[in-house]
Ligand code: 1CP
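There is one chain below, alone, in structure tokens, taken in the form predicted on its own.
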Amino acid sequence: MRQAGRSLPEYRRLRGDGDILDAIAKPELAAELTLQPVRRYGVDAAILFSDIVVPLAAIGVGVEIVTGRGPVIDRPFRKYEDLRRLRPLEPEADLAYVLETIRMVVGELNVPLIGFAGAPFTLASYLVEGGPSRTFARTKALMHGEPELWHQVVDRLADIALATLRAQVKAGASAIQLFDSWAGALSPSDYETFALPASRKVLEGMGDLGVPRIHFGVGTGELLALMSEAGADVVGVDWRVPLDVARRRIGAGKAVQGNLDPAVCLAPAGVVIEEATKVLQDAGGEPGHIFNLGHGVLPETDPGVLAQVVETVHNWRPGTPSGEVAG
């Protein structure tokens, strides 16, 4: 997940208390924050230090990331006139600092870099609600009450996400991830009607670039079968669904990503290793598994425990008993 480094003391020293969007806009700083977890843990890929709302801020949508709350929109979307605020993204101009960060990181890495963007539904929910929501009441009211407007919003957001991801790959990213963080708020029927088509436009629009595509959402256990149809090569699964169950829902031919509960990482190291091993056992081997947390790293997580999780994953072989690692 993109929060890979935020539990590290070196991250906190470097980031300080400033605005995260300001940090992302400084390529040297963003590159260093991207590289820190790779140096510390020896993981198999780096995650770009950025945020899913960066493209929205770049095109002039007033957005602030409020500590403890998340993205807040200064003028929430309510009517057709608001569509004018979603102009086409011009990555080389609008996201020049992000692309420079990628080039700097790739120049230092010996592992792949994963770029990412926000899925249209999740970004639309921020625009309509004005910020994070528990009920997504305004979002659902707009979807059902003005479906034509809704589809125009998510279609424009799909174009923005696609332009973002293609530019990241051109700059050097080796894989991409589409974060539909709040898709789990939808019923399967609503997801299929109001979210899936726009996500499919993004993921299928990346197909000609030949890079792995990962699709992730939170609370999406009932949506996994539909998410598998969106065009990704890998479906991310949060901690609520065991990976063997998730594989059956996702169907053949897709790899899975996940899904250790981030909160479990606050338990004693022996417990965390045992739970990580269960994830590995549940995942099986085919047609692929990217071990990850089931959502972002909690800031209070002990980096030493995460280092032991990485060691466990790297040393694990099928048949290894729970709580042990292979020699």
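Residues carry their position along the shown sequence, with the first being 1. Being a predicted model, the structure only gives us computed values, none of them experimental.
Below, we refer to the form predicted in complex with this ligand, which is not included among the displayed structures.
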- Is there a heavy atom of Gly221 no more than 4.5 Å from a heavy atom of this ligand in the predicted bound form? no
- Message: I'd like to know whether His295 contacts this ligand in the predicted bound form, with contact meaning heavy atoms within 4.5 angstroms.
- Response: yes
- Please check if Leu48 has a heavy atom lying within 4.5 Å of any heavy atom of this ligand in the predicted bound form. yes
- Is Pro262 a contact residue for this ligand in the predicted bound form, using a 4.5 Å heavy atom cut-off? no
- Item | Segment assignment from 284-292, 268-276, 254-262, 65-73: heavy atom within 4.5 Å of this ligand in the predicted bound form | 65-73
- Query: What are the residues of 169-194, in order along the chain, with a heavy atom within 4.5 Å of this ligand in the predicted bound form?
  - Reply: Phe179, Ser181, Trp182
